[in-house]
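As a starting point, one isolated chain is supplied in structure tokens, in the form predicted alone.
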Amino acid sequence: MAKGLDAQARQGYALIAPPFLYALLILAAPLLTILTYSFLTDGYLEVVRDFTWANYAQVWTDPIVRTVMLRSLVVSALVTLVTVLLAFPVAYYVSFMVRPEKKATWLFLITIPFWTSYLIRVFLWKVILGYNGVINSSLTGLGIIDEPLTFILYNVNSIVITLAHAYAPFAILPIFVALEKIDRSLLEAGRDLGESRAMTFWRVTLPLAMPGVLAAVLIVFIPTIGDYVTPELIGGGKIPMIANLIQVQMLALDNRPLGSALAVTAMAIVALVSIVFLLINRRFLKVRS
């Protein structure tokens, strides 16, 4: 029996070894390279292999870096909040209101934005929000405004709108999956006990859907804080986020150690925020249960 288990274990290890090594090569190697560079010294057009903490000291003491990092966190939090608040009603409608045979069609329609490039979608929002874009042209044509609006592009609001639209399907799908797993008899039991639909939603549906909401929050928050394209195009380069600052250090200034320190710091902050949110959510679920 033991020999049989050992053989099965060897077969299992042999089965997972190729994808594990592939993941190690693709994911761990670049991260270790960036981490190593962050402790080296920048020279003229080269990296000096002298260990130093100066890069991290500059990251944490430079007011420009602190401002950009804080802006990245705030923008990402706003995008996450807007996306999840807009995604939940859509997921709820598809799960509870749409007939079962039509749910696949609705999910198909929700994934249509994935058919086009992310870059194209960002450019489309630039066309929509631009000085002579769709919104300004429509308002001017209807006589609502005399001059095109200038505050709807190249600011934080336009960045939030663009990112919220781009990541909406990523938020809708996990919330929908969580809602689909809810036993409908629990909702009926709540209403049979005299609870209103609003209280049933608050005390039963929402707590049971929190795993999907949590997944949506993390799926949206983690990539948006490192988004480079949207701040560059929709923000016009006037509202840089941490990814734009990393790009400047890595390419424009050829300061790979400092750029690597910025990247590692950003990843550490995202990881810390994600862990804190997970702990808060776990406590919330315990209280609700």
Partner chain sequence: MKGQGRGLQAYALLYLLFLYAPIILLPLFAFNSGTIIAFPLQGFTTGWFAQMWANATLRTALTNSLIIAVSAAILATCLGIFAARASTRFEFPGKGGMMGFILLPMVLPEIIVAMSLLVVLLGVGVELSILTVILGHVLICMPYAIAILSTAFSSLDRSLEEAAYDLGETRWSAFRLVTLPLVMPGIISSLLISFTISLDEFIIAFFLAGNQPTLPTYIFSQLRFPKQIPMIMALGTVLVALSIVLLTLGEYFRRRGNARMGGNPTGGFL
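Residue numbers count along the first chain shown, from 1. Fair warning: this is a prediction, and the values are worked out from it, not measured in the lab.
There is also a form predicted in complex with its partner chain; it is not shown, and the following applies to it.
For Pro240, no non-hydrogen atom is located within 4.5 Å of its partner chain in the predicted bound form, even though that partner is not displayed. Residue contact with its partner chain in the predicted bound form: Ala178 places no heavy atom within 4.5 Å of it. Proximity of Lys103 to its partner chain in the predicted bound form: non-hydrogen atoms within 4.5 Å are present. Its partner chain is not drawn, but in the predicted bound form it has no heavy atom within 4.5 Å of Asp62. If you check its partner chain in the predicted bound form, you find a heavy atom from every one of Ile16, Leu31 and Leu124 within 4.5 Å.
Ser137 is the sole member of Ser137, Ser185, Asn157, Ser196 with a non-hydrogen atom lying within 4.5 angstroms of its partner chain in the predicted bound form. The stretch from 140-148, 69-77, 204-212, 168-176 that comes within 4.5 Å of its partner chain in the predicted bound form, counting heavy atoms only, is 168-176. Residues of 105-124 lying near its partner chain in the predicted bound form, listed in sequence order, are Thr105, Trp106, Leu107, Phe108, Leu109, Ile110, Thr111, Ile112, Pro113, Trp115, Thr116, Ser117, Tyr118, Leu119, Ile120, Arg121, Phe123, Leu124, the criterion being any heavy atom within 4.5 Å.
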